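Provided below as structure tokens are two forms of one protein chain, presented individually as structure 1 and structure 2.
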Structure 1
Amino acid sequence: MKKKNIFSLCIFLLFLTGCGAFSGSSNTIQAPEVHKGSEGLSIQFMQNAPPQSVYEETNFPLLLTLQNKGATDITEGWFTIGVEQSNMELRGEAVQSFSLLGRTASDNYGEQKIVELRGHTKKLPINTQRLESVLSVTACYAYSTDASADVCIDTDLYGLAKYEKACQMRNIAMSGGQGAPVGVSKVDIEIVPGEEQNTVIPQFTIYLENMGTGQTLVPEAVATACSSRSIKSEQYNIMKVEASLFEYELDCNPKLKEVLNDPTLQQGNEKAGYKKLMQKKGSVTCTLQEGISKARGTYTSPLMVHLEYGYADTISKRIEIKKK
């Protein structure tokens, strides 16, 4: 009897999965291929450059690959290479600026740049047979994310309409990123009554997530982040959010002054919202204040979200320096 029940349950589960009841594919964001993934700038040391192990008082190659694997062009980027100066020195510019084009429909890889430098190991301290030294590269750049989705707007607040609705209003789950290290992970939709009786106001809660290994910061602090200069905590983990429903710009909150007490930074677009991420996550609320006439019924409209931020990421490598 028990076996029979288990068998029936398996068959049922098979049916459920086969029917795609769990797929939810009709509600995911339809992003072009370019706007997929959670990578922005990829920084890598080339193989054996620097090598794992190197003798004292010798030169070694240091080759860095910078590749913009995201969907946004980098027009303002910096990288700085840190070496432990007691053990080695860098021959070449340790701090450099760069710009790299992002992925496009015709270039699925993004622009790549190879930085060629040389390092030189110093003499090991007396009676020291070996030593491990760390070499690091920090890259800081301004970046943005564009996400879009077709959302269902249902002006029939209380479900009184007798016509067949063109779509059903659902929250939108997103995963995998939109071609940038920071992306939209989910959008919740709510329709609230407007000030005027025949209007409704669509309200979107946009959930943001830093899916990369680095940190977000205000775009204006990009150059500072890649230096040893002072940087304030307010400037970290923050991003600007703009959203529109078809051609109508949404009003996003909170505003800059609510999250950042920095007079040097300007709100700019007054409808833009700013969000400070906590534990790499956060959400903003964007509304269409003008409202939508109830007469429009139920329809599908494109929601577009644009995020702007700076991004800082570091890679490092441990090198063994051996006595000759």
Structure 2
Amino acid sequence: MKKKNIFSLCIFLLFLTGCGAFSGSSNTIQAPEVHKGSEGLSIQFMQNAPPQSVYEETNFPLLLTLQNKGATDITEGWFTIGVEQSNMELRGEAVQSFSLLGRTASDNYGEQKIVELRGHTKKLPINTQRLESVLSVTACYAYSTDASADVCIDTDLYGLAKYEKACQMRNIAMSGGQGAPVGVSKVDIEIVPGEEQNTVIPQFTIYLENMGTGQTLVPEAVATACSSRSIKSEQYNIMKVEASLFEYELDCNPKLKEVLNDPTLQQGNEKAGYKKLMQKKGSVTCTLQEGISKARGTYTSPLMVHLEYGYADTISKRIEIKKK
């Protein structure tokens, strides 16, 4: 939450000073350096650990590099090592928790840790000279994305105003990601009539995209699903969306119960929206229900979007086991 508040303050200061928020007339948002890119956790096997080939009934090294290349701290993370138990076994804990600090203005790389374990190959069947076996690592962790853009709000629905307008209302395209594997790719803006004659209602369609190699997971299930390795298939590809127009919180739809039929999970923030991504893409609609007075005229305001989700990614390696 502290990082979210700091990010929001930085964006607000950019809004006040007008320093580099837009890239000329292209209307494409350029995020601060920390909030660029589409990476979160990076998992890699170290070179020759595990080796490409190993003899039967032999110990071998297993070294993992975990690095948080995104802008969000990982405080709830677990990795699980899977082996084909008929061919090898793991010497050490197969499920372990981890935490890693994210990138900051003073650290553009993010925290990195090396995990050291050992594996052991079993005896090959008679008349088998060699075979291949797969070793995999799945990481599952809670993550978030913050995106922001200055948007033009035009309360003159029918173009009847005689004053010179301060800005022109148009849709916003975002580029380069926001320092996380999931991000906002575009925002469409629409102003509709309010319930009262002198008000209008800003409505934003926020487009989401999973730009990483893994899958999102409904955030309310991260702790139990990731640590117990019992992720339900219907909990995948879901994410939570919160948005605000300056200090006004927007009501986002659809809600959790509309995308996931699971009575064990309860929606916290009533105004948050949830979306099940299809082919790694989706959108939510966020509305300022109380409306804005037409007397406000035309003005710019910061739109802030906060995404929460679990993220699960897997790497694997084939190891050749040879007869002694």
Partner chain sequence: MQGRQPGETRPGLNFILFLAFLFLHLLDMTTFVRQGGSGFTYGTAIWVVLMPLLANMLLESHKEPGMVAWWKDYWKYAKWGLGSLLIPVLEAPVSFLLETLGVGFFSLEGIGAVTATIAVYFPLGLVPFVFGEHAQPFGWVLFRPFTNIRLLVGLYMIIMFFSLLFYTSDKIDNTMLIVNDFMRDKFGYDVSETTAERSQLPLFDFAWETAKATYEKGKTGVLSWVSRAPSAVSTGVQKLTGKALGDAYTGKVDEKAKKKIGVYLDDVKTTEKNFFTDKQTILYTHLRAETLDDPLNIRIACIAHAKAASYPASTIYPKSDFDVAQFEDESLDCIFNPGTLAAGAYQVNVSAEFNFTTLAYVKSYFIEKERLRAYRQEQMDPFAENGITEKKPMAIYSNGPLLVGLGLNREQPISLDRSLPEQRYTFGITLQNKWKDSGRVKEVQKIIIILPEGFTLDDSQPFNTQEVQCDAIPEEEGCEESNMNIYEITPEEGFDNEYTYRVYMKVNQQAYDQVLGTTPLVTHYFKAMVSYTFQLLEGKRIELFDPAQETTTATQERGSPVFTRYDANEITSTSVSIVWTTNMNTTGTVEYWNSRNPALVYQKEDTMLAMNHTTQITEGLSPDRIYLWRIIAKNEYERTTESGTKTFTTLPLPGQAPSTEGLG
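This structure is a prediction, so every number in the text was calculated from the model and none was measured. When a residue number appears, read it as a position in the sequence of structure 1, where counting begins at 1. So that the term is clear: the rigid core is the largest set of C-alpha atoms that superpose within 1.5 Å between two forms.
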Structure that is the form predicted alone (1 or 2): 2
Rigid core superposed: P193 CA moves 2 Å or more between structures 1 and 2: no
Displaced residue check between structures 1 and 2: T155, CA, 2 Å or over, core reference: no
Core-aligned C-alpha movement of T213 between structures 1 and 2, 2 Å or more: no
Per-residue C-alpha deviation between structures 1 and 2 [K122; rigid core superposition; Å]: 2.7
